[in-house]
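The chain below stands alone and is given as structure tokens, in the form predicted alone.
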């Protein structure tokens, strides 16, 4: 994939980044990541799907999506919900890297979901479902279904936690991708986390390979047997 800024969206950068993260990149996964990039930027020329420049696709879409492995052992996860997936990130990269996953992509923007669904078909990715809707409206069929709920650049934690909490199964987890400075955000979220019957498991700093960027991965846990008061009220 050629770029407008002189960089190359190539497999070498992706392989190096995956090696830094400690996750093996298979030839099949590499081909799909590059194919996803081609599809994304071809579609983006006609429909606004991403503001990330093509030259930053490897770092800011692929490797950024995969950072969750620094907070969660993805080999032990079976079901993933990507809340506010946009054009399919991080959900599609997670499926590409860990093919055993069953992934639900949720977003309120139909054009982005259509792209994600079409891209998965063209890449031969099964086990991915797209759901058009707002998570805060409580998509009942998805409540308490996911081993892992991920949310990347969706909302401040105090707003985000009540949206993602009902979808985490007992014993499951959520990971929110955050920037470097989240102390105030986490303080504001503490009472909301408690009210949602969740526990703060860890805030994991994770360096994004090839970028100089450090994310904070906020990992939340629902203890076995715990349910959300907000969800109980609606059921």
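These figures come from a predicted structure and were not determined experimentally. Numbering follows the first chain given and starts at 1.
A second form of this protein, the form predicted together with S-adenosyl-L-homocysteine, is not displayed here; the remarks below concern that form.
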At 4.5 Å between heavy atoms, is residue 71 in contact with S-adenosyl-L-homocysteine in the model of the complex? no
With the cut-off set at 4.5 Å between non-hydrogen atoms, does residue 102 touch S-adenosyl-L-homocysteine in the model of the complex? no
So in the model of the complex, does any heavy atom of residue 32 sit within 4.5 Å of S-adenosyl-L-homocysteine? no
Is residue 93 close enough to S-adenosyl-L-homocysteine in the model of the complex to count, meaning some heavy atom within 4.5 Å? no
Segment that reaches S-adenosyl-L-homocysteine in the model of the complex - one of 140-148, 80-88, 93-101, 118-126, heavy atoms within 4.5 Å: 80-88
For the three residues 61, 134 and 154, which mark the spot I'm curious about, does each lie within 4.5 Å of S-adenosyl-L-homocysteine in the model of the complex through at least one heavy atom? yes
